[in-house]
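Let's start with one chain on its own, the form predicted alone, as structure tokens.
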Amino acid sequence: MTRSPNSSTLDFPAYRNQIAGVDVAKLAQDFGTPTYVYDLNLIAHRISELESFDVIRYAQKANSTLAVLDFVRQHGVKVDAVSAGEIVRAMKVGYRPGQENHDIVYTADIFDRAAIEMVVAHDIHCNMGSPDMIDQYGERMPDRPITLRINPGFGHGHSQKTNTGGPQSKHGIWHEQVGECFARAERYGLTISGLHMHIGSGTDFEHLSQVCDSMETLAREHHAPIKTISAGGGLPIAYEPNQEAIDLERYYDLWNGTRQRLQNELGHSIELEIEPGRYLVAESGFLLTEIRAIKEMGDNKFYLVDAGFNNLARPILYGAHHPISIGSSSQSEPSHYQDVIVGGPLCESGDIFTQEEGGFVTSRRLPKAAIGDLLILERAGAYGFVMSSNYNSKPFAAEVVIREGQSHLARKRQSDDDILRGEEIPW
């Protein structure tokens, strides 16, 4: 498991003329804008970096496009689902339901009615995030293994909105209620076969070490006969040039040390799972847009593009930074830069891609561009399309995958009929 900090994937170009060997102008010509483009070879590379873990379980909430799901399945990656719809998607591309293989695991903090029926119908293994789930599942599916997702009492992440631990988080079973959950499980003949902890996306090694310690302590206190432990997800990627790539060897060593100590104590082998989402797909994604207006507003210059937060919500949700490049045939360093604010077409003041958390608008140093030029929002493969909306009755973008230098349409752009489908005037 290696990662070079000088990998070509850690590239922040001012100009971009190709994506995965395909000309960006041709992509725009063939598929229009805005369009999501995914470099599948990058996803394969990220999968290979995690091969030391016994199980790689993709958190498909990051990007559940069928072509992406099928690609990770072909590379031996299992899948995590957080809804009935995600279970349907997983089965659609060939993941097998059933307890015997654990291809699909349902992880959530509740069973809505659709989810419990789906889990029961297909005998999906469940990772319980609330005590009530144990009763609801046990009444329908007794005498089966389950895993517990535990909130260790603290959390950490790159934003408060990605923090999944501590008393202000809704996620996981509170660590002081684990004993109660073992008792609930016993009433239904349920076996707690694994423990899972994830405290937030973008957490650091100091907090990860605390998670590992908490996992060990809980397993010992409750004499848990576990066969798996999950490190969860949240592996960070670099969105800015000054951010360092994560030390995957150190990350693995932390969790493997926990696994080995528990194996020695319990006297049997334990599988170590990791649950990456963003880490596998974020860098593979490019949102291809067209500059449709350039405006002077006092001292500010705006590039306004045809994609908005209906296509990529991360900046407006928590001030997420995405690298931005200008589509160009030039291979050289731009001769003219300017400070610009990049915004979209929506009738909403927050429709700005260059903003910080709290809605503070910032500018970005970008090459001088003209109306009709392409602008590319990079590292947009995670939590991009999956958070799309039809705000302002805008259609969902098209999605394209590139595999071995060939581009393929993975999802058609929505039509007006697609947007209106299902609606009716009831009088």
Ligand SMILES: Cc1ncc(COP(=O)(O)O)c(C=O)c1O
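Numbers for residues come from their place in the sequence shown, where the first is 1. No experiment lies behind these values; they were computed from the predicted model shown.
FYI, the form predicted in complex with this ligand isn't displayed, but the following is about it.
Trainee: With the partner removed from view, which of 269-277, 352-360, 69-77, 240-248 is the stretch that lies within 4.5 Å of this ligand in the predicted bound form, judged by heavy atom distances?
Mentor: Partner-contacting stretch among the options: 269-277.
Trainee: Please tell me whether any heavy atom belonging to residue 259 falls inside 4.5 Å of a heavy atom of this ligand, as the geometry stands in the predicted bound form.
Mentor: Answer no; every heavy atom of residue 259 is more than 4.5 Å from this ligand in the predicted bound form.
Trainee: Applying a 4.5 Å heavy atom distance criterion, does residue 287 contact this ligand in the predicted bound form?
Mentor: Contact check for residue 287: no, nothing within 4.5 Å of this ligand in the predicted bound form.
Trainee: Looking at the partner-bound form in the predicted bound form, is residue 234 within 4.5 Å of this ligand by any heavy atom?
Mentor: Output for residue 234 is yes: heavy atoms within 4.5 Å of this ligand.
Trainee: Using 4.5 Å between non-hydrogen atoms, is residue 149 touching this ligand in the predicted bound form?
Mentor: Taking the distances in the predicted bound form, the answer for residue 149 is yes, it comes within 4.5 Å of this ligand.
Trainee: Could you tell me which one of 45, 364, 394, 61 places a heavy atom within 4.5 Å of this ligand in the predicted bound form?
Mentor: Answer to the contact question: 61.
Trainee: Among the candidate residues 107, 310, 214, 325, which is the single one with a non-hydrogen atom no more than 4.5 Å from this ligand in the predicted bound form?
Mentor: Checked against the cut-off, the match is 107.
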